[in-house]
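Heads up, the chain below is alone and in the form predicted alone; it's given as structure tokens.
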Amino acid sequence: MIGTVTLNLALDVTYEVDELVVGGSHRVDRSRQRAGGKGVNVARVAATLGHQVLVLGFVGGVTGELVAEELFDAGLTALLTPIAGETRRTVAIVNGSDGDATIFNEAGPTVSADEWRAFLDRMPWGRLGVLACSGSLPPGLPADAYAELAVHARHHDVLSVIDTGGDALTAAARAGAVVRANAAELRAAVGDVEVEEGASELVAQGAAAAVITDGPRGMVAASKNGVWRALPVETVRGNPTGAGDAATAVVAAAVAESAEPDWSMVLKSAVAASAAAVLTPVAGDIDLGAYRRWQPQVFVQ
């Protein structure tokens, strides 16, 4: 089973408008709300690809109740730790004229040391094959919270995949996790370097592997066995907010199946999944037909 950790769960609200005009008044053609946060997006994609998932995170207040209800309605099994603060909301405004999305992310509730300890104490290690941790850390948690989870996972013979940035990214690398980031997050952590060099630096720091999305230039993976770059099949327009989460889902599934996967093949699936996610209106969904069509076409060098 893939356990997906979202320490900063959210209720994602999406508005679709004909055209976004700054300072203007807009008629919302369509709106949606559902449980969100990067780890939830990972869980949705992994479940769509046929994997068993368990959603882990914090919930609080009325918004937290809505998040828990939506996860249940979506058929996603969850083990959620209650907190005193109110679960955050995010708002995405999708521009109908070009498909681009404008995102507003609340910071999230403060998590106390006791609430963090309660979360750790409830971790169902015996049920997990891999732990996938994604997204921002809520106020109150230390920068090495994901690294702490990776250490606990290793003690229970559970592999970990951590998608984050900054100090949390380097801490996760030092803890021996497979790390995931985009190019901007990578450079914020290791400096202004080429993506291949930065990914290799994370491996040198202790990461089992590093998988970095590089926008229109594709995706890079590095491990102790080498460095690979996968090139996108074609330019895809749509909503890019869940593309990186789709890649993380593929990486987590690969690590669940093998401690040392063939990273060139993982990249082919991850690039195809990311592109297929862009075609869907909300994060956490992928176009399965496009994914299956593009997967064998991705070129890895």
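Take the two forms, superpose them, and find the largest set of C-alpha atoms that agree within 1.5 Å; that set is the rigid core. All residue numbers are counted from 1 along the displayed sequence. Remember, it's a predicted structure, so these values are computed and weren't measured experimentally.
One more form of this protein, predicted in complex with another copy of the chain, exists but is not displayed; see below.
Interface residue among Leu54, Leu49, Val236, Leu66 relative to another copy of the chain in the predicted bound form, by the heavy atom within 4.5 Å criterion: Leu66. Note on the partner interface in the predicted bound form: the residue among Glu197, Glu148, Asp167, Glu106 having a heavy atom within 4.5 angstroms of another copy of the chain is Glu106. None of 40 to 48, 268 to 276, 249 to 257, 58 to 66 except one has non-hydrogen atoms within 4.5 angstroms of another copy of the chain in the predicted bound form; the exception is 58 to 66. Heavy atoms of no residue among Ala183, Arg187 and Leu231 are located within 4.5 Å of another copy of the chain in the predicted bound form.
Interface residue remark: Ala290 is not counted as part of the site for another copy of the chain in the predicted bound form, having no heavy atom within 4.5 Å. In the predicted bound form, Arg89 approaches another copy of the chain with a heavy atom inside 4.5 Å.
Contact check for Ala101: a heavy atom falls within 4.5 Å of another copy of the chain in the predicted bound form.
Another copy of the chain is not shown here, but in the predicted bound form it comes within 4.5 Å of a heavy atom of Ile93. Shown in the overlay between the shown form and the other one, fitted on the rigid core, is a CA shift at Val17 of 2 Å or greater. Comparing the forms between the shown form and the other one, the C-alpha position of Asn105 differs by 2 angstroms or more, with the core used for superposition. Residue displacement note: Gln52 has its CA displaced by under 2 Å between the shown form and the other one (rigid core superposed).
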